[in-house]
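This document opens with one chain alone, in structure tokens, the form predicted alone.
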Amino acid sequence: MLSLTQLPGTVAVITSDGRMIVGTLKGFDQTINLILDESHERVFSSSQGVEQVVLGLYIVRGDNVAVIGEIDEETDSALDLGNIRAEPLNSVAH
């Protein structure tokens, strides 16, 4: 189990409704409620580049987390999000 001193830096969270939120993981609890700082949502489109919507300090409820993963900041900063085309994710089916 992670402690607050072992938190990864930047993480990507895919929510059960198909949103992708990227931010700095500041904390979490036993039900996987997440506190993200300096966060933004990446909105994907098949017709235009990825739009980044600034969220700032953001809380994601644990029951809404589908996937969470650490981001390699060097690789992520090298991405040209303006030229990436992708269909938006569908909601998770239970």
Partner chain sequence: SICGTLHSVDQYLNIKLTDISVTDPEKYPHMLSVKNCFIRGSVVRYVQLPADEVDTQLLQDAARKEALQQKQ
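Residue numbers count along the first chain shown, from 1. In this text the structure is predicted, and so the values were computed from the model without any measurement.
There is another form of the same protein, the form predicted in complex with the partner chain; it is not shown, and what comes next is about it.
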Though only this chain appears here, would I68 touch the partner chain in the model of the complex if you measure heavy atom gaps against 4.5 Å? yes
Examine F44 and determine whether its closest non-hydrogen atom to the partner chain in the model of the complex is within 4.5 angstroms. yes
Any chance I32 has a heavy atom within 4.5 Å of the partner chain in the model of the complex? yes
